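What follows is one chain in structure tokens, specifically the form predicted alone.
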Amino acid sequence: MKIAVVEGDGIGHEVIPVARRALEVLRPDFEFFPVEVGYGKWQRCGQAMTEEDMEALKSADAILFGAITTPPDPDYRSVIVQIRKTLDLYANIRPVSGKGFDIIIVRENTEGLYSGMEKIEKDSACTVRCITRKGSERIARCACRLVKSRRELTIGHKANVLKSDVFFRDICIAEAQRANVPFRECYIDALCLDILQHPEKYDVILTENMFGDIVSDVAAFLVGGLGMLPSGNLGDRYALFEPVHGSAPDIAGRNIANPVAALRSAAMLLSYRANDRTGAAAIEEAIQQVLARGIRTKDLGGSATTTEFGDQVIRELARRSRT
């Protein structure tokens, strides 16, 4: 497999090399090549991403992605949003697992308020929230496929206020009924609270774009913060795997970022793209072994640096690969 490696900006330069090393230990048959996009490139070249960069991403079998700082230019769209739209990565899969709960958040990834239909004028700004039948049907089908091997679907929405959510909710319910999977619905604000109080009640959660972003960030509290959560951006042809966290410029360059989310994103790449569940499990087991030894980064109450934590995980993976 050919893997495009996009470190991006900020702590992406620190955590993505750890994830790449894990993949290199487990899969020496993989071929890696770098693609530079983001704020750093914009500062040097005046463009955060070129057509050539996009073609390079298209040539990969999978993309391992870090974090991007959006240039401070009102005419610039988020680089990751551009990539999701261009590659039609319509399904954002965000697992959140801990003691007594195992949740998968399925977020529509190309529509809603993040679809880029915006304008800023002197006295007003407008962002269009467009939700389509095609987009809603395919993300609902994706969620229903996951429920088939699990328990129940929860459809998160705000249909009591937003007509576009009435549209989204009704389509998702119809797809769940067609797939014969058990489902319930919940207002997204109530869901954000209840998932913190009773995470064991939830299995697969389905939402539109922005609500999925919010509820997954809320759920990060359950497992120690954004530094712990991975995500997969999946389409019919392309796939991109990235930590849920951003570029964190306030801690960038200090070697204190938590690489667990990046490592787990690498594990998702193995599981979802390479059909290598053994390798994916090995990464998670190595992370758990290192945490069990009390080796933790600052955000988890420890003192280990990014490099120290990453080295311990790589050593554990190397040991396992030899036995």
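Numbers follow the displayed sequence, beginning with 1. It should be emphasised that the depicted structure is a prediction, and the values quoted were computed from it without experimental measurement.
The form predicted in complex with adenosine-5'-triphosphate is left out here; the points below concern that form.
Gly235 falls outside the set of residues with a heavy atom inside 4.5 Å of adenosine-5'-triphosphate in the model of the complex. Contact annotation: Leu263 falls outside 4.5 Å of adenosine-5'-triphosphate in the model of the complex, judged by heavy atom distances. Put simply, His245 is close to adenosine-5'-triphosphate in the model of the complex: some heavy atom of it is within 4.5 Å. Remark: Asp250 counts among the residues lining adenosine-5'-triphosphate in the model of the complex, judged by a heavy atom distance of 4.5 Å or less. Stretch-level contact check against adenosine-5'-triphosphate in the model of the complex with heavy atoms at 4.5 Å: of 255 to 263, 31 to 39, 285 to 293, 51 to 59, the positive one is 255 to 263.
Just one of Leu222, Ile214, Leu113, Leu226 comes within 4.5 Å of adenosine-5'-triphosphate in the model of the complex, counting any heavy atom, and that one is Leu226. In the model of the complex, just one residue of 11 to 29 lies within 4.5 Å of adenosine-5'-triphosphate by at least one heavy atom: Ile11.
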